[in-house]
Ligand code: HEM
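Given as structure tokens, the chain that follows is alone and in the form predicted on its own.
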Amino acid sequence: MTEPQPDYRRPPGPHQPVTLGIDAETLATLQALQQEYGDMVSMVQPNGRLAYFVNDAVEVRRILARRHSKYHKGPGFERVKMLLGNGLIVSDGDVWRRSRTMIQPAFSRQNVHRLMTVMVGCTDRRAASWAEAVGQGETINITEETSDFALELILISIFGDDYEERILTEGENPFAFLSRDSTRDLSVVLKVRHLRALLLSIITDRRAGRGSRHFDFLSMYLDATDKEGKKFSDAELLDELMTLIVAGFETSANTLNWVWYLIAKHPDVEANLIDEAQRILPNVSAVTAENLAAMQYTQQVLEEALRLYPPVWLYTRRAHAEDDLEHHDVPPGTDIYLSPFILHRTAHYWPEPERFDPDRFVADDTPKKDRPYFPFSLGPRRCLGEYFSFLEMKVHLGLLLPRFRLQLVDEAEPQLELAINLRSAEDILMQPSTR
């Protein structure tokens, strides 16, 4: 005899099956569903699994923060797992909880501040390269420049002196393909697996005490212990390092790419940024945690760029336990689709949502935690590297903007590449000049 099914309260939605993925077609589908049915939509996928699209800010927060324990990672993470293994971004349950607890101390503000010299050094190398381009009358590919900057920075922050001594042994960065190839297909996965052998040799030498002891993320990860005093195994450490490398550069690289584009289109914003940088960071020695914290307008610009172009445009979750939202129920097994890109461009949350306006983020009496805004996710799975990313982007902009003006070669707005990460579909070319 068939068990009676509970009478679940479901949001409105279409009767025909809906195909969802992580691609441009899915964005168009979700936007059309929102237009027709509102901010809570129920649908059935071709495999028969129930799915909800949730664009209600209160319910998004409930799912990602207050009720996070009822949800695991959803569809689409298979490709990420092939690339990163079972690191912090992919893992769930006790494995995730243990890793998060072990890794979190490495990202304390005190530790991040010790890496500001790395941020300055990487920015100085960009400045030298850009000055040479100006002298030669060359254009620069700002998409490549921001990727190279962020990738170099995270690798030095992870490996310290081993970056030059062990990674750049052949003169080229073997990780460079990560910033050049955004497909994350099988060929990229195979290249990553080849790199894991290099990383394992560095880990083995560090464990054996060979070479100098560095202050870097690798040392902090090697020292990390769980509540039982156990450290990461080599396999766990490899997964977490690959996660840190990929996640650690892509967010900052993509955000800076969009920021330089937006600045070039908005000279008033550019002028305000330059004024703030000249007042607060008149020279390299002024790069302190206190001064970077005082760069409030730069913070607003970065947050507004992240509103328009969140690095992860679509999050998925799968309910492993029954949940109840304010007006709807979530049966076990339901796939949940949450899109910062759509929420951040929803007019009843953000008036004139397509307009770039850093003044949206002027400090006011509304607590930041209550904003309909989640470029770094929310709750316990919120990105650990958020503070690190903001700091490096402030150093980059604060030291380069007063020295260089970058003009767009093509004024057309770049198309979006909607894969695991949100990127510009075409590289953005700019003509540099000195101020």
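Throughout, we count residues from 1 along the sequence that is shown. Computed from a predicted structure; not experimentally measured.
Although not depicted, the form predicted together with the ligand is the subject of the following passage.
Closest heavy atom of residue 96 to the ligand in the predicted bound form, within 4.5 Å or not?
Answer yes; at least one heavy atom of residue 96 falls within 4.5 Å of the ligand in the predicted bound form.
Contact with the ligand in the predicted bound form for residue 44, defined as at least one heavy atom pair within 4.5 Å: yes or no?
Judged by the heavy-atom cut-off of 4.5 Å, residue 44 is well away from the ligand in the predicted bound form.
Does at least one non-hydrogen atom of residue 349 fall within 4.5 angstroms of the ligand in the predicted bound form?
Residue 349 lies outside the contact set for the ligand.
Just to confirm, residue 66 within 4.5 Å of the ligand in the predicted bound form by heavy atoms?
Although the ligand is absent here, residue 66 would stay clear of it in the predicted bound form, with no heavy atoms inside 4.5 Å.
Could you tell me which of 247 to 255, 341 to 349, 275 to 283, 356 to 364 sits within 4.5 Å of the ligand in the predicted bound form, going by non-hydrogen atoms?
Going by heavy atoms within 4.5 Å, the stretch is 247 to 255.
Which pick from 77, 261, 159, 130 sits with a heavy atom within 4.5 Å of the ligand in the predicted bound form?
Exactly one listed residue reaches within 4.5 Å, namely 77.
By the heavy atom within 4.5 Å rule, which residue out of 301, 154, 330, 241 makes contact with the ligand in the predicted bound form?
Of 301, 154, 330, 241, the residue with a heavy atom within 4.5 Å of the ligand in the predicted bound form is 154.
May I ask you to list the residues of 97 to 113 that have any heavy atom within 4.5 angstroms of the ligand in the predicted bound form, in sequence order?
Those in contact are 100, 107.
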